[in-house]
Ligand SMILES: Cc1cc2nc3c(=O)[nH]c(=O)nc-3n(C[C@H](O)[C@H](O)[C@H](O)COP(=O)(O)OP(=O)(O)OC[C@H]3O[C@@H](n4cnc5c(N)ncnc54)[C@H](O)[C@@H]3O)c2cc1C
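Before any questions on how it binds or moves, here is one chain, the form predicted alone, in structure tokens.
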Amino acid sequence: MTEPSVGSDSAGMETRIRFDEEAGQWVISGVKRYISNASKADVYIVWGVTNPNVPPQKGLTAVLIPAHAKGLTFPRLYDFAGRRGSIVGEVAMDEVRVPEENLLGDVNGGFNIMLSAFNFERVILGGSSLGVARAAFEIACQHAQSRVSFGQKLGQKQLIWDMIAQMSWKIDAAELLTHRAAKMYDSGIGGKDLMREASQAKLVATETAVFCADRTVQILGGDGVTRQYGKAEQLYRDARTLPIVGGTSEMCKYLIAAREMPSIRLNL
């Protein structure tokens, strides 16, 4: 979905998809970036504009491109601060041709597929963010109960137990929201009916992961930013990506507010 000049504003997509009637093939041209498993995946789901004469939400189409397709290249891979086990890069398409049956869903129906994909991704990110938050929380709790400072266990300090308490309730809140969104998804609820709940789960869980990772580093002090002492610094780097991928925190807030105030059109 993401392109060099298009992030959250998917409606501004520049990739073009046209149908060659004579050959019975879809022809795709454009560049995507920040694509997970770029150069490693067997199949790529690509969104592009098939009808530029209508609002973008009504003119997007999704097609499947196999990795061996002629004209498909991977200009570069990214080197991220965190999530270093994830391969992410650019995908370029120069007049890539695929058979007619590689259409995903309906022509000009790609926006609804995109919405469904985002809902699923946000629920999944809620779960993965909970994992990061809990891992950081466990490190913080263990350190607070074992480290001695000024003749007392660190956890006996009021400022420290305040951090521990905040991490605890934030994690529980994120878990409840994520479980609700996941249960709704599993029951077949999707599209705009899941948009608010999926966005809430993603927003709260990812921001909680950042908070917990940051507070854990603070509680550990110098050990928190040193790679020789545990995983705190890795969790800190991993967590910071989470409020950006799968729809930024700002976009999640927009989607939540849009559902709560359906009688007005919010101004992005």
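Computed from a prediction, not measured in an experiment: that's the story for all the values here. A residue's number is simply how far along the shown sequence it sits, counting from 1.
Below, we refer to the form predicted together with this ligand, which is not included among the displayed structures.
K.L.:
Going by heavy atoms within 4.5 Å, which of 203 to 211, 217 to 225, 32 to 40, 55 to 63 lines up against this ligand in the predicted bound form?
P.N.:
It is 32 to 40 that comes within 4.5 Å of the partner.
K.L.:
Does this ligand come within 4.5 Å of any heavy atom of F80 in the predicted bound form?
P.N.:
Judged by the heavy-atom cut-off of 4.5 Å, F80 is in contact with this ligand in the predicted bound form.
K.L.:
Is I244 part of the interface with this ligand in the predicted bound form - any heavy atom within 4.5 Å?
P.N.:
It does: once this ligand is placed as it appears in the predicted bound form, I244 has a heavy atom within 4.5 Å of it.
K.L.:
Verify the contact flag for L268: yes if a non-hydrogen atom of it lies within 4.5 Å of a non-hydrogen atom of this ligand in the predicted bound form, no if not.
P.N.:
Contact with this ligand, yes.
K.L.:
So in the predicted bound form, is this ligand close enough to Q25 to count as touching (4.5 Å, heavy atoms)?
P.N.:
Heavy-atom contact with this ligand at 4.5 Å: absent for Q25.
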